[in-house]
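One chain is shown next in structure tokens, namely the form predicted alone.
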Amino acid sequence: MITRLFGATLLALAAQQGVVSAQTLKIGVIATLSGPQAPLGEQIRDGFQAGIDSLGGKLGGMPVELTVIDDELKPDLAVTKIRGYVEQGKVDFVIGPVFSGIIAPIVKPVTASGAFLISPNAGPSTLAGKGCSPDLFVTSYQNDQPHSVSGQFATDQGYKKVFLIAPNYQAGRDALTGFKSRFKGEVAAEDYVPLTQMDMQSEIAKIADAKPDAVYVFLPGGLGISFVKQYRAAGLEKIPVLSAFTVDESTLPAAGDAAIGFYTGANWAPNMENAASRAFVAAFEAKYKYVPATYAAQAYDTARLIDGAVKMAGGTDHAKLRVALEKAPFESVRGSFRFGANHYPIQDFYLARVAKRPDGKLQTEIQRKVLSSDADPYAVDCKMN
């Protein structure tokens, strides 16, 4: 059962629905579902639902009451909505959000309510180390990691000077930290832009002036679409573009052929060769009619993680569930997957490249493995209370 709840309607709708059976899992999905970044939230929403569908509509053998909440990419509003939701009654899990600027303020309201917060995307460094929480799990990555893939690749390619661009928020800062952690050359410039900026002409002019060996960009959602189109229009294709979350399946339909050949660092791509991934992609595309990105894949894994943990725990006892979640008892679409001591994944990372499929659709495709069983550097500072 899916309920879409927005703002003040939360409590009123809950009252109309009545008390949920003790044998029902109560799960909220909070994601950005409006504005230019909505495609990212839609991927998470649809990926999580695809995970439930793959298990016959139940998780751990239990029916699911699923509530979808739009955070509108506004931290204060996200806190208000999530508090209204968890205060209705016992919530087992909250899934989300997309952005690190949203996860930071909702961790305490969610976990203080007795629910687990499982993030299928946002993985800020601030919550991976000293700010870690026993009831917070991240099924995606620590924000630095996908970006360090391109840092390593740029070093391997012998690039001497790279121009860096990212949005001016926690994930953007983590992104460039991640890239620099493995890049041994010179940073030509480190340019931070507002998360709402859609015109990239100024940044592209700076790139042209700097004449770097390559460009590294983390520009998710609408930012990435604008950058790709304007970069191609500027005729700078001789300067290779490395990225993460700039060219992916959430942006490719709008970016179009201008994105072909751009590189990205990722923990998964639709051409991943394992049975779990193939089944996920086939079922997802059949139902939703678009190509899933890592956002959807990680949300799908999240649903299957919950399924395995509830089965292992024999129900929803909180302490037993935490132990079960830590064991990651599910088959990931990524293949190798386990949690580190800070509840962030240890997994492989790849260099992928945008290509056109025989059916005309665009997708990212794995070119090579760059990092094996990679653990984030902040876990050593995590002391679970």
Partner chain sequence: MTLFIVQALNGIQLGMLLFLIAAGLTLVFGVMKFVNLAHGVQYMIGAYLGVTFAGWAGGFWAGLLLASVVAGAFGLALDVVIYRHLYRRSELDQVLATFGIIITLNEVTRLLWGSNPLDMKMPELLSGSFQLVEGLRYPIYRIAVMAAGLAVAGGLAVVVNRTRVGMLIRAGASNGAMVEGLGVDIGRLFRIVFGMGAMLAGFAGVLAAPLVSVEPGMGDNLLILAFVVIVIGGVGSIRGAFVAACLVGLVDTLGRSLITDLSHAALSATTSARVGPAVASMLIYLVMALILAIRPTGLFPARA
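Small disclaimer: the values here were computed from a predicted structure and weren't measured. Only the largest set of C-alpha atoms that superpose within 1.5 Å between the two forms is called the rigid core. Residue numbers count along the first chain shown, from 1.
What comes next is about the form predicted in complex with its partner chain, which is not displayed.
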Heavy atom contact within 4.5 Å of its partner chain in the predicted bound form, the stretch among 149-157, 125-133, 189-197, 304-312
189-197
May I ask you to choose, among I260, A208, A279, A112, the residue with a heavy atom within 4.5 Å of its partner chain in the predicted bound form?
A208
Of M272, V91, A214, A254, the one that lies within 4.5 Å of its partner chain in the predicted bound form (heavy atoms)
A254
Contact check for E42, I225 and S250 against its partner chain in the predicted bound form, heavy atom at 4.5 Å:
yes
Going by a heavy atom distance of 4.5 Å, is P329 a contact of its partner chain in the predicted bound form?
no
Considering non-hydrogen atoms and a 4.5 Å limit, does its partner chain approach V107 in the predicted bound form?
no
Is A283 a contact residue for its partner chain in the predicted bound form, using a 4.5 Å heavy atom cut-off?
no
With the partner left out of view, is K229 within 4.5 angstroms of its partner chain in the predicted bound form by any non-hydrogen atom?
yes
D199: after superposing the rigid core, is there a C-alpha shift of 2 Å or more between the shown form and the other one?
yes
For Y141, does the CA position differ by 2 Å or more between the shown form and the other one when the superposition is done on the rigid core?
no
